[in-house]
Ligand SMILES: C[S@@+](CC[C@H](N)C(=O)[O-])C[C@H]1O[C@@H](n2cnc3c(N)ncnc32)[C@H](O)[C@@H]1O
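Okay, here we've got a single chain as structure tokens, the form predicted on its own, with questions on binding and movement later.
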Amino acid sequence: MQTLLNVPQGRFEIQRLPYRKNDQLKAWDAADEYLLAYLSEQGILSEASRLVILNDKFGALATALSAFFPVAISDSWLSQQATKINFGLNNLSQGSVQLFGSLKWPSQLFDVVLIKIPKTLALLEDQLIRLNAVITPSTTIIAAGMVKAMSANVWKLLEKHLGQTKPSLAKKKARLIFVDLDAQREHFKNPYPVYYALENTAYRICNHANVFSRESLDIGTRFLLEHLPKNTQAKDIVDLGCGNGVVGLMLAESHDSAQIKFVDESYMAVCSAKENFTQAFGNRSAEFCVTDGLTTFKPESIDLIVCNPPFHQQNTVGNQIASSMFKQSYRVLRKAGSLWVIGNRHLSYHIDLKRLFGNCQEIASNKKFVIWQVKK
């Protein structure tokens, strides 16, 4: 695995999370390299610059630009932890960077804004609307991303909320977008979170901008809800990778004395789940954890885990997140505890599950999805 980032600002050890032995994926991309080279060539940053970075995947930008004491804003807990780890690997002070989640922004004004284009356009829109409160007419704004991630809608959002844009030449399939702030631009009201009525229930579901399937119940979750375990003896239940928490809501409904724990690495997901649970169950207690899966849970502390694993991390597709979730589940399940997993047929989760647990039962399937149960 290549971990040495060599850019004009220096040479830096940069690693991904979650860590995987023999991982062939880098913790940065050509857009990071392009952006860092441009900043150096143009001398855009000075000691006095107030710098904010949005969507820095694993902290490569913040690490390389640590001399400018950046503020880094991300919806990803893993991104923030990777940034801390990479600062440590390079003997950089943790005080050289300020980390903010996606829903609690700093109040200061910034001179330079660097935006890595996120996978979710709704998240980009939410960020651009929030950005208007922390920039001045003289703020320099540069967006960066791989060309394949820069759809026409990316350009439209930048121009709608900030001003005219000018593209750089493409290098290594990466591109920069320079924004000319329009002093007369309209400041739009943030449309997020959005809500929908959960079919066959009285629940109104809150969805912040970076939540998967914000407008309606996705077909995978709908299939899972039809086959959830009901009225088991489980006392401690985890909705792992909870998103807006719909699965946990229905588990709470059928397990009225259980303690439900909602876990996701997205700040917006967990915030959505918390609002949805509170609206549905009032003062009933539950736990809401923004973290890397089950890493903070005690061994043998959970009876039931239900999981719809993501099969992508930002723009990278793979089973690394699911594999990590399965291993964590084995560690925290009590004896005879069970893990329920739904996945697309082509992902073949049952192979990893059977290898890890020694058993695997198909609960239900259709043309696209399979639900598996394993027991410890």
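All residue numbers refer to positions in the sequence shown, first residue = 1. Computed from a predicted model, the values in this text were never measured in an experiment.
Beyond what is shown, the protein has a form predicted together with the ligand; the following relates to that form.
Colleague: Among 101-109, 284-292, 80-88, 114-122, mark the stretch whose residues have heavy atoms within 4.5 Å of the ligand in the predicted complex.
Modeller: Every other range fails; the passing one is 284-292.
Colleague: Could you spot which one of L333, V52, M325, A27 gets a heavy atom to within 4.5 Å of the ligand in the predicted complex?
Modeller: None of the other options qualify; the answer is M325.
Colleague: Given that the ligand is left out here, which of Y203, Y192, F212, F178 has a heavy atom within 4.5 Å of it in the predicted complex?
Modeller: None of the others qualify; the residue that does is F212.
Colleague: So in the predicted complex, is the ligand close enough to C242 to count as touching (4.5 Å, heavy atoms)?
Modeller: So C242 counts as contacting the ligand.
Colleague: Can any non-hydrogen atom of I321 be found within 4.5 angstroms of the ligand in the predicted complex?
Modeller: The answer is yes: I321 has a heavy atom within 4.5 Å of the ligand.
Colleague: Within 4.5 Å, heavy atoms only: does Q259 come near the ligand in the predicted complex?
Modeller: It does not: once the ligand is placed as it appears in the predicted complex, Q259 has no heavy atom within 4.5 Å of it.
Colleague: Is T221 close to the ligand in the predicted complex, meaning a heavy atom pair under 4.5 Å apart or at it?
Modeller: Residue-level check for T221: yes, a contact with the ligand.
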